[in-house]
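To begin, one chain is listed below as structure tokens, in the form predicted on its own.
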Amino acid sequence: MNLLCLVFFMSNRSPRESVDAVLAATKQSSRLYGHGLGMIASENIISPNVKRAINSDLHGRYAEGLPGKRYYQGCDDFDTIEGIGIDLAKKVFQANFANIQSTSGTVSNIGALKALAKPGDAITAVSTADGGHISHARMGAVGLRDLNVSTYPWDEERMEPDIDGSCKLIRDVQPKITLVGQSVFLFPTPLRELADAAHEVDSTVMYDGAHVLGLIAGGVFQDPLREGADVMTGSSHKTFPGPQGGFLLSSSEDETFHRRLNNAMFPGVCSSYHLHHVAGKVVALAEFEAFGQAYASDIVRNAKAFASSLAAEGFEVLAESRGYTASHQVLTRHGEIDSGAGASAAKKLEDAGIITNMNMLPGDTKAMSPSGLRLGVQELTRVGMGVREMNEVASLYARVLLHDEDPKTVRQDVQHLKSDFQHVHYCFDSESLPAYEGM
């Protein structure tokens, strides 16, 4: 259906047709991912028990405040849920403080920025061109809080902030917040060095672990709260395999600081905070306590195997000198800088049933026509794929992008591969419900 016909159809639907169209689209989305390979690095799937929690009556309820200190009646049961979740988050992340109310990683960032800085204060962060998240930039949460951002010099070979240059920047700028962490996140940040420089100038160190939070909790990436971070934010739906939402965590034992962080979330940036997602988050925390270390280890092993297989097939995989990756992510370049080759590659792969996203790589300046792809293996790992399947997936990439096979032909083999991987692993009752419903 072309765009003009789609617009006409949308504007002339009856209410009943709108409902039918939405339900049909949700079913089609399940088919897309159920028969295909979901490899977007910021996505994941939820377990059957998490799904039960988020489909509960809590979806329409309110519970402003903290457990035992609510502005509404009827919250006793949710107090139990949130209390369990706070305790689990402290345990899983080895934190002295945890707030699990945030509705996303970006909302976690906005709350932390509200707690830690005033409008007009200085902040240092990774540039979006080097892989920083949009919430770290003037276009996002940093601009919303009206902070003056300076970006770190970047080491393209190591795919991390240049240590000496970044420490000098921190000492020169003396930011209120030293923000580290990225959206393109291959390797641990040199956090100890940056944190030492930050604390010399009384700067608060904020670590955005949105993409790698599950790897951190699983003990396979780095340990920000022991390496100098005063506050850690993150998403609950990337390598941490829960429902959409966020975390706000700290190693501080200062109860006054804890109150600042809690107040920044409510009433700061959240009123009601999607209680059904909080309940799902708590279930995910419990399942992660039981299975998360194995899951995190398997993600990193699969990412390394996938990157090596792509390189062996002939792809340009970034950070070869460091073994390509130490996270869930793999970066590939498909043409000249700003050529749009990444966008073209992502479309061809989608036609073959492989869902990825184009991404700017070092040197790119045009977000909608970058040269690269950012690939994630956390969802394939969650449905039980291992190193052997990573090698097979790399071969499917090569058939589409290097050997110019018809994507529709490759799609048949994608579907055949995926047919054996339809249940969520690393959780309780994994066989009771399929990972992808409505197929």
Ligand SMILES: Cc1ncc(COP(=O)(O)O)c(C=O)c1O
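Numbering starts at 1 and runs along the sequence shown. The shown structure was predicted, so the numbers you read here are calculated from the model rather than taken from an experiment.
The protein also exists as the form predicted in complex with the ligand; that form is not presented, and the subsequent description refers to it.
Across the options 133 to 141, 352 to 360, 313 to 321, 90 to 98, residues that bring heavy atoms within 4.5 Å of the ligand in the predicted bound form belong to 133 to 141. The three marked residues, 56, 82 and 281, fail to reach the ligand in the predicted bound form, with no heavy atom of any inside 4.5 Å. The closest heavy atom approach of residue 111 to the ligand in the predicted bound form falls outside 4.5 Å. Of the heavy atoms in residue 178, none are within 4.5 Å of the ligand in the predicted bound form. Heavy atoms of residue 235 reach within 4.5 Å of the ligand in the predicted bound form, making it an interface residue.
Proximity of residue 106 to the ligand in the predicted bound form: non-hydrogen atoms within 4.5 Å are present. Taking a 4.5 Å heavy atom cutoff to the ligand in the predicted bound form, the contact residue among 325, 302, 204, 183 is 183.
This chain lacks the partner; the member of 194, 126, 249, 210 within 4.5 angstroms of the ligand in the predicted bound form by a non-hydrogen atom is 210.
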